[in-house]
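The chain below stands alone and is given in structure tokens; this is the form predicted on its own.
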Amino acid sequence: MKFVWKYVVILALLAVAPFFVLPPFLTHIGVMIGIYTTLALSMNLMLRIGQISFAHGAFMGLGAYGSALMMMRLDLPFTVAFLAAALGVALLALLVGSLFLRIRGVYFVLLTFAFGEIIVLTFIEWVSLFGGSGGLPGVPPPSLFGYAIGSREGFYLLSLGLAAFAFALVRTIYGTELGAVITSLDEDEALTRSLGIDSRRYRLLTFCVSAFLAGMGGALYGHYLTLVTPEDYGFWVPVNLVMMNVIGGIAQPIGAVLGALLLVPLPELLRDAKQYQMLLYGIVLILFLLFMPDGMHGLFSKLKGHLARRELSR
């Protein structure tokens, strides 16, 4: 219970920050961190079963286009469009996942990469529905309880709430029997199968939950920018999500949060040196892989353990 209250206090402090502390620019960074935390957590689920999904950019885009189109063309309220888009992405993941998850390793990566590229090309070529390369401008703002949310502070609270939901969901999953099975699929799938567990069904369930979170993150991203374009959902989206998890630490969901906190602000901080962004990303990734393979969370855990041992030795 004390552990839960710690997160409640942190969440409350973060919620009031933009109204008393954060300037508008940092509030924008906070919105993006919240959205990408949700997306990084969705990738964390896949990494826990030993798979890297390059379809997550497409899932993010489908969530964004789906929610925007349902509000613009069907005049659905935000909550309905938002949830329907995410559920639609999860349903698509269920359909394609039953085929994709038959293979593993680099072949799965290539297959999901090809799927993601097909989806992005569909966004570009189906101009009448998706608007082509120019995308969909004028995406309406979210509306909750009759109030339209158009301010950065409002989007900050939405993104924070979504990130908290995603974190609580993933952390709860890892703490249940389902989480134990998910972890065992990467560590020793043969042993898991010998216990009579249908590993493919659990992989498919993980893939669908992961896609659902990616769809929600993409939907909020589209409403925040008020513009949905294909270039925002390509190859670099899943690459960045994997990097966030590697740098933050794959073993625990808090690692995805730490990775998003570190990597999301970098493009804004390096806006005047945009040509060096990928170089810096590469250097950071190499340093973490060489010297901190367990990520930031692993480093903090080791430091905490070291301090605890020092206290006991006194």
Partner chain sequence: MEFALQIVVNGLMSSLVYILMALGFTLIFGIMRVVNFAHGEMYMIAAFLVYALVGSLGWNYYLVVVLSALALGVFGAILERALFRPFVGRELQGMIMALAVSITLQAVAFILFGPNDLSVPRPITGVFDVGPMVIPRDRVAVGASALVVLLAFYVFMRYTKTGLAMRAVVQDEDIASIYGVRPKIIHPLAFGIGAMLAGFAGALMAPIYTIHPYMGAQPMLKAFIVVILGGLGSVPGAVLGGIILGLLESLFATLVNTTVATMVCFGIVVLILLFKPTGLLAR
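Residue numbers count along the first chain shown, from 1. Computed from a predicted structure; not experimentally measured.
A second form of this protein, the form predicted in complex with its partner chain, is not displayed here; the remarks below concern that form.
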item	value
Partner contact for residue 163 in the model of the complex: its partner chain, 4.5 angstroms, heavy atom	no
Interface membership of residue 282, its partner chain in the model of the complex, 4.5 Å heavy atom rule	yes
Contact label in the model of the complex: residue 103 to its partner chain, heavy atom within 4.5 Å	yes
Residue 117: touches its partner chain in the model of the complex, heavy atom cutoff 4.5 angstroms	yes
Its partner chain in the model of the complex: contacting segment from 239-247, 226-234, 81-89, 210-218, heavy atom within 4.5 Å	239-247
Its partner chain: the contacting residue among 99, 168, 94, 144 in the model of the complex [heavy atom, 4.5 Å]	99
Single option in 254, 29, 261, 52 placed near its partner chain in the model of the complex, where near means a heavy atom within 4.5 Å	52
Its partner chain in the model of the complex - contacting residues of 283-303, heavy atom within 4.5 Å	283, 285, 286, 289, 290
